[in-house]
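What follows are structure tokens for two forms of the same protein chain, given separately as structure 1 and structure 2.
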Structure 1
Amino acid sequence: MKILIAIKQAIALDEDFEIRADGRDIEEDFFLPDLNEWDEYSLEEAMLIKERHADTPVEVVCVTIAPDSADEALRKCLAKGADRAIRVWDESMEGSDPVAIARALAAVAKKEAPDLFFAGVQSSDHAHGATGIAVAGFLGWAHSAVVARLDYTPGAKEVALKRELEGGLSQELRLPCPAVLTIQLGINKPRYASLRGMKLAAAKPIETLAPGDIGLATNDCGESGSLARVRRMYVPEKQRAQILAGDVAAQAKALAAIIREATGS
């Protein structure tokens, strides 16, 4: 059996970042990329299925729709035990929104024909929470978002899972396979990828594909394949907290005063 996992090199911003000249993104110099936190969990979940069912061969394949700067994220996945890594990109994909990305992911899924498709619930940078689920739209598969527990035996026709809802509530349900699941934080404890493991993973090939290789037309990609377009990015005016001054002792004194006033003690 096979599990296909969508991963993303998510971007944190360095301090004192600057807006790009066209005002539609941040200067790349200030990007601090790393594998999306949610993806660590979805990869781990796939690895657990693979390891718990050693009798059935399970292939774990990671895919990302990104330029080669994302290879490091793929290597991290390979270091953690993913069997293969695929990256799809060309310039026409610049400006893709979650749905354009999902279209490409779905095209890879059609080619790879996995039994399960995992994605993180959202990415730590833009938090759309849309990409993974939109893949289900293009594939027409059953799907469930925000999965906090998963029971699956390779080869089974159904998957049992727990969907984490708001306010401490969750719901258990079953879905037919193949299915698209977006995986929530806390579902497992992701393993560590040592730097050595990543270096060794550098020797493993990353299959690189262009949109054409997976049957996508130019207008399926980038802005023309997207449902939304970034018009502008800016730093919003924020109401900031009043910062308590002084050394720790003074701050604690002020804090104590606030507590006493609020609690009336």
Structure 2
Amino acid sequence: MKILIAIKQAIALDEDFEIRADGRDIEEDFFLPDLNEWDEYSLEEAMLIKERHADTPVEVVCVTIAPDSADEALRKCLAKGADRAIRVWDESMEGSDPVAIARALAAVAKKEAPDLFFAGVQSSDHAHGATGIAVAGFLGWAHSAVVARLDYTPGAKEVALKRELEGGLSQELRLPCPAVLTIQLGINKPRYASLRGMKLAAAKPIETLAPGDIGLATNDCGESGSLARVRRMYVPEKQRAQILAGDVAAQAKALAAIIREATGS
């Protein structure tokens, strides 16, 4: 039995940073990289399934679509107990949007044939929230988003879960396997990596693949395989707030005047 987990080395920023010369990203010198918070919960959920059913072999495999700078995040997963780590990348993948990333992850899933595919609900940097469900679309697998509770026995043909809905509602359902699940914060309490685990992880290999190794053409990823791309990144101009005084009629009149001035109408 195998669980495949999509992970990302997310980026935080210093208070002071500079935008790259081409205006499309931040200078890398200001990056503060770390394993995406949501992915910590995905990995922990996989490890709990493995530990609860020690009598059944469960392989936990982490995969990322990123350059070698993401090896640090993969080794953090290995230190916490993941069995294998896979990284897919070459220069043709630069500029891939969430759907192009999902296409690559789905190709890895076809190669690995897991029973479950976990992804975080979103990433803590870009917060698109699209990659996991797009993977399910490419694979044609059953899927559920924002999973807050999970019950699975290795080898079972179904997975039982509870997922969060809007308005404070929840939904309980069962899905056929293989399935893609995006995992929500709070489903568990992620463990810390032990010193022994970190030492062992440092010696473990990270399998590196190129798009061609997983059956992708050059135009399946990167900007040519993406429907969205960053045109420009900038710091918005600071605006000022204004409190409108008087009763409702006076406030409405003042607001209308502000709108007319702003629109020139």
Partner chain sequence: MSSILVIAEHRRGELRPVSLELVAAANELRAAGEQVVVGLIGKNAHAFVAAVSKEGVDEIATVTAPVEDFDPDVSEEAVRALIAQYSPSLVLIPHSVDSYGYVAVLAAKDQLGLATDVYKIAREEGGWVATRGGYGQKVAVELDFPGRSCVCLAVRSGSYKPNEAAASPTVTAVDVPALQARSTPLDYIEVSAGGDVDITTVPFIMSVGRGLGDEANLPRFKELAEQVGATLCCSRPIADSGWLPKSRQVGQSGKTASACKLYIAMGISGAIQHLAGMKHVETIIAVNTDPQASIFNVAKYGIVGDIFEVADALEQEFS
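What you see is a predicted model; the values in this text were computed from it and never measured. Residue numbering: sequential along structure 1, first residue numbered 1. Note that the rigid core is defined as the largest set of C-alphas that superpose within 1.5 Å between two forms.
> Given that just one of these two is the form predicted together with its partner chain, which number is it?
Looking at both, the form predicted together with its partner chain is number 1.
> Once the two forms are fit on the core, has Ala250 moved its CA by at least 2 Å between the two structures?
Superposed on the core, Ala250 moves its C-alpha 2 Å or more between the two structures.
> Look at Thr153 and decide if its Cα position differs by 2 Å or more between the two structures after superposing on the rigid core.
No: Thr153 shifts by under 2 Å between the two structures.
> Taking the rigid core as the frame, does Leu195 move its C-alpha by 2 Å or more between the two structures?
It does shift by 2 Å or more.
> So if we fit the rigid core, how much does the CA of Glu166 shift between the two structures, in Å?
Comparing the two forms, Glu166 shifts 2.4 Å at C-alpha.
> Taking the rigid core as the frame, how far in Å does the Cα of Ile259 move between the two structures?
C-alpha displacement of Ile259 between the two structures: 31.7 Å.
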